[in-house]
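Just the one chain here, the form predicted alone, laid out as structure tokens.
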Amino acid sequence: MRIGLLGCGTVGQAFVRTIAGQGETVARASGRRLEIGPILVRDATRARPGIAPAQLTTDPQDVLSDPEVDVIVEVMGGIEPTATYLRQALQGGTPVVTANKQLMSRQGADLLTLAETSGTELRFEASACAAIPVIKVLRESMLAAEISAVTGIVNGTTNYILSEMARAGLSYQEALAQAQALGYAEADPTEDVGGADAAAKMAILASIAFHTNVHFDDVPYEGIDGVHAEDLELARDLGFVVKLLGVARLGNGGISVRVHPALVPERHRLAAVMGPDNAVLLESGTVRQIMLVGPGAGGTETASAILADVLSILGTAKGSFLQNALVDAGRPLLRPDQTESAFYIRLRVMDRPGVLAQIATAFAEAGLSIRSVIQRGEGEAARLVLVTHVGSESRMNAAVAAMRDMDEVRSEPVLLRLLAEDAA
């Protein structure tokens, strides 16, 4: 099996090394020897260990139009010209393996349809959670399990930052700097810490889990740059840890998918996932809960997932049911304000009689009930932390708006969501 490679950065070079190291095992198991063919790069003059200069090209057609190439592997990233290259390959009947989460979260449904009509395959395990085989589990093992929820820690950078803030008492900026020094965070970490990376992955996972086309733009997301060390400390006092979660649920006649920081009960399985690891909890009425945990990033880890997809193509007959992963079940996407959660809210208020009663009234008028309250005096002001029972996003927004209008409230309310206790 001759593999044409689009891109040869960290992941691409790791993939070449993986093929070299595991080639004999694959050959014995499959009867086919894997061979790296032409490799598209920006600069063919730069030396790359283990790769012959003759394999490198700056012309994409040397890869896409090579009649001896059996499968295209894409690790170059970006939307264009990557999408154009993949469409050409699929239209020509060449199977494609991609690690491109941003492309799959935006154009995945169209590319899968093109693969189906062309009688070929598109596989994308490495586009979400790297070495964790969550897409394969959803797409194959749990295809008929009727998934009801997918909850995940799907960004290792943010999980490392929050873990270090909680463990070592670091500030957000200190933990981010440490993550960058260790290579867990990019020099420009915006996509990770802002939530966009996790949103792209959740769009892909929700699409497969619920057999519905969920586009990146359908996923509201928040990052962790507004989470402070005191929020992690207060969460611990309340029996929670703070995680950036992707939450996709089937309910109320539709689907909700979003990414946000959330308070997770200490006894919940996801609370124990620390450092740069990822974890995805799958819930279903037939199999209850399955959690997959492992490294969600890294060149070698991502290369492992890519190789698994190549082997799946090698061993899968064309025309199988595996190709149509995004059958449209006609389920609508719920508006963000229709989703429900329990909430944590922190604010500074005037420390005088009647203020807590006013706050409680604001919650009651919005139709929310308060589960617990922490109040700490700070001179003439007080720090007030409340945790609510489950209620809708729109009700919480109404309560926050009412508090903003109160003279007694001296700070912008800080709002976090809680992971439901019944998921523990």
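Residues carry their position along the shown sequence, with the first being 1. Since this is a predicted model, take the numbers as computed values, not measurements.
Just so you know, the form predicted in complex with a small molecule exists too; it's not on screen, but the next bit is about it.
- In the predicted complex, at least one heavy atom of M76 sits within 4.5 Å of a heavy atom of the small molecule.
- Shown alone here, V214 lies farther than 4.5 Å from the small molecule in the predicted complex, counting heavy atoms only.
- Contact check for L368: every heavy atom lies farther than 4.5 Å from the small molecule in the predicted complex.
- Using a 4.5 Å cutoff between non-hydrogen atoms, Q22 does not count as a contact of the small molecule in the predicted complex.
- The chain is drawn here without the small molecule; in the predicted complex, the stretch among 61-69, 357-365, 37-45, 392-400 whose residues come within 4.5 Å of it by any heavy atom is 37-45.
- This chain is displayed alone, yet in the predicted complex one of A109, A185, I345, A297 has a heavy atom within 4.5 Å of the small molecule; that residue is A297.
- P81 is the sole member of G119, P81, G275, G254 with a non-hydrogen atom within 4.5 Å of the small molecule in the predicted complex.
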